[in-house]
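Below, in structure tokens: the form predicted alone, a single chain.
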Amino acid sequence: MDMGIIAVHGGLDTSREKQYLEILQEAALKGYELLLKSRVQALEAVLQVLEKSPKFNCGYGSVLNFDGIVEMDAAIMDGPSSRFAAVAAIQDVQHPISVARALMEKTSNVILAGAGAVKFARAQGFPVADCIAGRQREAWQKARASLARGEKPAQNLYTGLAAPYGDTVGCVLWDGTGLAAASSTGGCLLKTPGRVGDTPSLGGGIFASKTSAVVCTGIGEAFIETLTAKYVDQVIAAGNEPNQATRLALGRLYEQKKAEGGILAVDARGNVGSTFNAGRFPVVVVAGGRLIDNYQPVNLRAEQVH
């Protein structure tokens, strides 16, 4: 296969240290191996690698909500068929993205949440899994102790940790004929139990069509209220390349909501675009089976400073 694109991001404020980039690279290359077989299967393979790692805020390694429980969101969308499926506030499964895929392929439902999503997962044979990584439990305990003292927690909202580690993950791809997108997250640290972010919000944090595939990360409520992922698709459909579309969308998001975020997109010609306005936003791109060396998203925050 000499064409095709897979691009994956590790979330806002995620470390760009070698060990993090290597996992993102492993995930992207594994997905690329399946790209000819199935867009949806390729997406699932990418996110499964990241959901297994405690370094990213998804699956095992997800942040804890206010009550100390992991509640995860995941979504997957195939552009040519417009098929979409998501799980929200799901607990105790290692691979929420796989549950979302099963929901897409085996039912007519689009979104399952909470206990219903867990019940469906068990019926499909997904085993019980403890998704609480040790350092996330420690971070939650420290954050709750800070609140008890009337202090603002030192932990990062996106990564859940005091240092910039791993956040929400997302992937977009183009197989030469069609586009697709997927995302998985534990949400934000100390979130209200039952809170659902933009990951399973069609048009908010994820979208795929015949024109583009888009995934977003950041303050989920801001992306939902502005339908940012859908806006990116519309800008690309109007003739703009993904880099311009993601820049415009993030500028619009900040203007309307004063929110931070990161956006990753690919169009039907295989052009990739990514923009962020936070501390970090690691993105890995595989094109034609090869890693693009030192791919760098557009940093709007740096541009604004200068």
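One rule holds for the numbers: they count along the sequence shown, beginning at 1. Owing to the predicted nature of the structure, the values given are computational and were not obtained by experimental measurement.
Only in words, not in the display: the form predicted together with a small molecule, which the text now covers.
Contact annotation: the small molecule lies within 4.5 Å of heavy atoms from the stretch 187 to 195 in the predicted bound form, the single such stretch among 142 to 150, 127 to 135, 187 to 195, 90 to 98. Using a 4.5 Å cutoff between non-hydrogen atoms, G218 counts as a contact of the small molecule in the predicted bound form.
F207 falls outside the set of residues with a heavy atom inside 4.5 Å of the small molecule in the predicted bound form. Looking at W174, you'd find every heavy atom of it more than 4.5 angstroms from the small molecule in the predicted bound form. Annotated contacts: T228, T246 and F276 are all free of the small molecule in the predicted bound form [non-hydrogen atom within 4.5 angstroms].
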